[in-house]
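The form predicted on its own is given below as one chain in structure tokens.
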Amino acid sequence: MRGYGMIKTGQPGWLEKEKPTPGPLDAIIRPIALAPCSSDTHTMHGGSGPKENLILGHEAIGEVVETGDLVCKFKPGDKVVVPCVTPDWTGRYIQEGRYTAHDNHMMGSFKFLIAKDGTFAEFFHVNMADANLAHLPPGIAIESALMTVDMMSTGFHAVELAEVGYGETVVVIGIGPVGLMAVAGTQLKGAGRIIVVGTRPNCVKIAKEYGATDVVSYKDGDIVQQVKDLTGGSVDKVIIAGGNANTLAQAISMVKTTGIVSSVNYYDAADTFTIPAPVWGLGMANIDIRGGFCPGGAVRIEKLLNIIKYGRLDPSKLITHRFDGFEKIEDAFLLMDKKPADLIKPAIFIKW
């Protein structure tokens, strides 16, 4: 089969691979909609370490083509929503009741890109299909469902880590697709004031549609001082969905004593965090710093699909560029890598 990924670090291209086969609990999926992600381009450039001969991609809607003998909930021909995180549900950390992003080791549940080939292929493998696949509900557009598998799940996880509450003032730093979903999730959680940090006009527009009340731009000066001027002090929670290693210190500088800083930003292996001690109250401020990868599994995706089904949110607004056909994976990936100013999220739609 053919797939698109990284021939080696820094060199993307088409690959020829053996078609995967399912274990007793697994399924083989043919993609019908795909979305490149900055995590794919980050991996291609070596941000998570050297890799080669790896098919990329982890955001997909697909059709089941083959199942293992013990799969009960799915059969060939079913249209399915594929979470980007597909845990081994027997994993130690999951049995201990910890985050499902980590089954047997850190980010162990993120099988695509790390443990096996991804979704940019004619066929791809999903482990433990009954627990890791969700049926595509009738009446929900493929575009909207596609945004649940990572963007919505990750953005909402940032909100969950921040424990956003009714009436709170929250800052969201970075309003790319994940940040925009964090804005939407923050509004759904009942926050009062939602301050976003971003500059791209199309992202600002959608952020306001999703509930942002104020916009701060680094082009207008120090973002910490701007937030302090807006609020007359500090904020309850800060969500980091963009920026660089220096953004963490900025976030801590904005949040109140006893507040929470939540980060779902994917940093580079070479990054180092520097936090001046006074910013963190000399270590005495009881400010929580939380960072993590979104949970996995079918139940989470089914809940996100319910939010769409009942009109609470339309995540398809994230898709700014559409491509038709399997061969267009390359064009969409390279566009995601270049990140032109009008891009939020590209998507590829495939008819076989």
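Residue numbers here begin at 1 and follow the sequence given. In this text, all values refer to a predicted model and were calculated from it rather than measured experimentally.
A second form of this protein, the form predicted together with a small molecule, is not displayed here; the remarks below concern that form.
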property	result
Joint contact, Y99, T169 and I287 to the small molecule in the predicted complex, by non-hydrogen atom at 4.5 Å	no
Non-hydrogen atom contact T258 with the small molecule in the predicted complex at 4.5 angstroms	no
R200, heavy atom within 4.5 angstroms of the small molecule in the predicted complex	yes
Non-hydrogen atom contact N244 with the small molecule in the predicted complex at 4.5 angstroms	yes
Partner proximity in the predicted complex: A145 to the small molecule, non-hydrogen atom cutoff 4.5 Å	no
Candidate stretches 120-128, 136-144, 90-98, 174-182, one within 4.5 Å of the small molecule in the predicted complex by heavy atom	174-182
Answer option from A191, V80, V227, V264, heavy atom within 4.5 Å of the small molecule in the predicted complex	V264
Partner-contacting position among M44, A35, L304, C294 - heavy atom within 4.5 Å of the small molecule in the predicted complex	C294
